[in-house]
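Next comes just one chain, in structure tokens: the form predicted alone.
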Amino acid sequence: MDLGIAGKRALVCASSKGLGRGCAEALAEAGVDLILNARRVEALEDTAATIRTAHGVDVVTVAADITTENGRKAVLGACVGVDILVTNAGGPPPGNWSDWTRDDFIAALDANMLTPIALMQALMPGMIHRGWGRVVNITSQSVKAPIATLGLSNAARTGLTGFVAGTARQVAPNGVIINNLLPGIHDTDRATSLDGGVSRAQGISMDQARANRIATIPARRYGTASDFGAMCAFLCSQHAGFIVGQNILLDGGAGNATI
């Protein structure tokens, strides 16, 4: 399918690996020029080189921590004529409700709620002026079905979801479409980290921890970055203009809900 976005320009955050990289690769395949951001220079440059070679699109890299004010300034300084924004940042560590402090919550809010809001506020006025734009926020399945040990993530990402719910309806008349993508378990470093925590807590092997989690997923596998990227690219396409303010769950059926 021709997504109709060749020649558009996208900022994809945390895109040197994992779900962010999957989104960047899918957009590049559709002919979108990219601004890639991640904290680690080497991984970021390797990803950029691979995408340039595979797809022939223009790729600009900005190594910075997008969750900090200085990091956002550096990234936004490279953002000229951005049509597509994909927000993404690593989730807070798991833990117990009784152990989290105010500082823990502020850090989670900064990374997973306030950073994507700041990026939208910076880039959507240009999209509105040009009469076209797409924003995809990578959040979490925990927005629909909370995960007890990920309470920091539950709280921050649900706050972002509330902001998007109202804002998406305000900017849609200007051709700017915002949606959220809610990943379940995908085969990324984050999954490895979570499985490692289960392995240590339960005294089982990593393989067993992974097998136990896979058994809870009707698709009987972890998702892949390419699965995720394909959906992101579609939501950024010309075909997604009537999908407004939605929370789209990609979890292999793990969330047991009718609606």
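Since the model is a prediction, treat every value here as computed from it, not as a measurement. Each residue number is its position in the shown sequence, starting from 1.
Keep in mind that the form predicted together with a small molecule is missing from the display, and what follows is about it.
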Next item on the list: Pick the stretch from 229-237, 53-61, 32-40, 198-206 whose residues have a heavy atom within 4.5 Å of the small molecule in the predicted bound form.
Entry: 32-40
Notebook entry, point to check: Is residue 133 close enough to the small molecule in the predicted bound form to count, meaning some heavy atom within 4.5 Å?
Noted result: no
Next item on the list: Would you please decide whether residue 191 lies within 4.5 angstroms of the small molecule in the predicted bound form, comparing each non-hydrogen atom pair?
Entry: yes
Margin query: Can you tell me whether residue 185 touches the small molecule? I mean in the predicted bound form, with a 4.5 angstroms heavy atom cut-off.
Written below: yes
Note to self: in the predicted bound form, is there a heavy atom of the small molecule that lies within 4.5 Å of any heavy atom of residue 89, even though the partner is absent here?
What the structure shows: yes
